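Quick setup: one chain, the form predicted alone, written in structure tokens, and binding and motion questions come after.
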């Protein structure tokens, strides 16, 4: 089989290796001047390569059955075995996350690049594909420089436009539509959220509980790092919430995040602490008292939001003020106005509708010889290695099918 793979990211590289090993003649097109540019940025350069448990509930998709069926075929052990076969070993963390043994994303790209060379894949770097046209002789692939070639089969694995500064685009959706496929609207996930009243706290990072409300209904909570920024909220807890928040914002729903600044303290415990401070240090002002529990920038902004004069001695405040302060610490409300956009997102939800994709091969049910894999499909995972797990699995299945004889 004479095969073209469009996209030199995670799913495209794996598919190319698997297909070439099975005997296909493979040409891999990559618009950038190097392979795996986006992959190098994953996990802050450490590359959380997969997750041991890949349940459908950990993915945003309109077709959970598709995800479940894929991971029945290719589980985390199969993915690990593939990487071992190209010389890259993993380490597993107790929470189920897997990393390359070097803890460096560049090791993953290096191993894949070496394997591509060893199995004879022709890699076309700096070759942005302009059109993919179904012809009687096969699929004609034309690049922006005007050159073209015809292939028996084509795999589209270019992803979506999360982090466009790394070369990400939505071209896969345009090609899919031109070839008759439907597309689920996209929106960013694993993305910071924008809101007011955080600029004065920019740079402060705390471990706290973030709770998401949509149209005043509680959706979920996470306890992890939260980072205050000039535009709003970031950090791991916020990225985890964003899959739900972003979808709600896209539907013009009201989105609110409440922060429990001290999740290990109960309201009663905090109340007793402040009452004790009022008795023992009645002349200390509220800012001084609060700054011994919270970073000073946070203490100042919280007092301002609650309309409590931080310069007043704590011993002069009444029980109602004390209650308001405790409520603010345990449930500081922020109205979310937007996500921080695709440029700052780790992934995009939505994409090519999987109802028209055969999960056993990743081949189109509408166009024989046309395949899809990776982020371009309407499957987006949670933080923790799920997106890469889907990329590897879908790439492996597609690679096997690309090399099969008719």
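Positions refer to the first chain, counted from 1. Predicted model only: the values in this text are computed from it and were never measured.
Note that the form predicted together with a small molecule isn't included here; everything after this is about it.
Heavy atoms within 4.5 Å of the small molecule in the model of the complex belong, among the stretches 333-341, 63-71, 369-377, 351-359, to residues of 369-377. At least one heavy atom of residue 129 is located within 4.5 Å of the small molecule in the model of the complex. Looking at residue 227, you'd find every heavy atom of it more than 4.5 angstroms from the small molecule in the model of the complex. By the criterion of a heavy atom within 4.5 Å, residue 159 is counted among the residues contacting the small molecule in the model of the complex. The closest heavy atom approach of residue 363 to the small molecule in the model of the complex falls outside 4.5 Å.
Highlighted residues 6, 32 and 48: every one comes within 4.5 Å of the small molecule in the model of the complex, counting any heavy atom. Shown without its partner, this chain lists 138, 167, 313, 295 as candidates; in the model of the complex, only 167 has a non-hydrogen atom within 4.5 angstroms of the small molecule.
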